[in-house]
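Next come structure tokens for two forms of one protein chain, structure 1 first, structure 2 second.
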Structure 1
Amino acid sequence: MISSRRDRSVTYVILIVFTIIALVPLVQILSAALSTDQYAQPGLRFPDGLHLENFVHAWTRGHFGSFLGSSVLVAVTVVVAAGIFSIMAAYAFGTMRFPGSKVLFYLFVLGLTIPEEVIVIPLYYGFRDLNLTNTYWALILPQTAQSVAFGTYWMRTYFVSASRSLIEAARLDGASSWGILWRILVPSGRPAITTMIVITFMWTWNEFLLPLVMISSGNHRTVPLGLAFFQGQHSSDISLLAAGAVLVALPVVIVYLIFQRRFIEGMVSGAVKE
């Protein structure tokens, strides 16, 4: 009994220590975001008030309002386009047989591990030649491709497990393959689809390298890029920088807190097996 009580306290001590480690770097940002600029500085300090005007300043003076607009536009387009493309491709890979399907599927899986750094150089010159740098296209198209690799991999698992007898019954009832997909399989696959959506949303929202390379003018910047530029130019403006960091993190954190089970499930599934 004593040993079990000791187990118990050891477990909680370890958990609490790591919880503090996980939170301290974030708490210092929150605290600085609520403090006046004269008071705020790096390090853990209790805020000197509730200065929410920092967020207003970040929104207007720091242009985070316009960055958020760009981020929302890019993220929503990528999530919708990649979602539809992935569902269609995964449906074919999961329920149909056609020559080359295996090879093509492995191609997608391989895409999950290709480092973005290696493809970003040709992408930049390609988009530059088409005069498409500094446009949302330069952010949307490559990120749709990256999300499609994950989405296809993820959704195929669902379609493989979807009941074959259900599909066949619907088919013999005269339903087209298109109708079966959207009227039968997609509605009952909502949990898997939600997971795909939250994961691709997070990746697109947090993406930094692609906007850094593609976007040089102010009004197409996404929030992570905006924050990086802000850090470069006003690194002494601690409370404003902190408020900006909170604005970057907040949308994803909110989605994470609502869908945390789906989030975790999707992120740990990246495991490429088979």
Structure 2
Amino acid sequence: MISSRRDRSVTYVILIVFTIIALVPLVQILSAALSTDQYAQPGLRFPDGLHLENFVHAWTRGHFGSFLGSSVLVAVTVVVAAGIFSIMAAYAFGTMRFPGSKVLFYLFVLGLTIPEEVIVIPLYYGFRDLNLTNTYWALILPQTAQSVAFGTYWMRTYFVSASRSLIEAARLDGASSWGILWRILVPSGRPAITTMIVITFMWTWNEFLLPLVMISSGNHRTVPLGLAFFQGQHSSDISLLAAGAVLVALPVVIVYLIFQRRFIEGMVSGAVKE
């Protein structure tokens, strides 16, 4: 398709406008985090220096080291567990025919449509009866279940579009279903798997409602919940709050930058085929 110069100009203008809209809040936060508290004010302005001590003060006063440890433990466990379960479930739904497969698949997809606000209170009472509230299991188990629903839907699309001739050739060579999955389909599906991992990590890392309901001990708080408590204690210290927000968001940015190429490749190619 050949686009005219006018079409390209309009496209560039729209992209530039949305880029500015997306970047302005980030620049504001970074500017406030690097400024003195007297200089930091709402609105876009350049920092009055590089006051990196704001990050040190936010780290020590907000106990973000402990919160980051809890978030890393929960996020890594959820990503690994949900990734393995999603790949195996999606492989079955995408390549095998068995009675009730469609019904079971739509039950998995149903997990994507139920708002978390609807189930969080019943979950709390269920976990309380099992003495699991105020533990990491109260965060890991529900988020793994939610992520498996998305991961199964996402990866099934990849397995459905996988080359049938490649699978049949592997079967003729004596490969088992387990071997076809882990030795052939999983390595060739790295873009789709990477996209699933990045999205699951971001969802788990930014989860706020579940820790707010399930966790009352400071030892098990994750970073979004810790930042909320930190905001309540330092509501008037804009520089410290901005520095704390940057510390909380930094791991997600790092993960995205590391997997950026595979993430975009998975978004625009294999995983969106149906």
Partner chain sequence: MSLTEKGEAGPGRSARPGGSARRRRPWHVYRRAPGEPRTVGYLYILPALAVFVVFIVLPLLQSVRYSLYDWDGLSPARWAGADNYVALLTDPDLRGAFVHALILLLFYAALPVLIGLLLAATMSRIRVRGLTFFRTVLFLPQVLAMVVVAVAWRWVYAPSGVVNQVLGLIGLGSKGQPWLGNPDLALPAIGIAGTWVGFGLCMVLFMAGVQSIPRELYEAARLDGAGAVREFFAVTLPALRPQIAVATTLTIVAGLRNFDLIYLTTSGGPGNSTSVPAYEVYHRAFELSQVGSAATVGVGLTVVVFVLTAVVSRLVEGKQ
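So that the term is clear: the rigid core is the largest set of C-alpha atoms that superpose within 1.5 Å between two forms. This structure is a prediction, so every number in the text was calculated from the model and none was measured. Residue 1 is the first residue of structure 1, and the numbers go on in sequence order from there.
- Form assignment for the chain places structure 2 as the one matching the criterion, namely the form predicted on its own.
- Relative to the superposed rigid core, Thr11 shifts its CA by 6.6 Å between the two structures.
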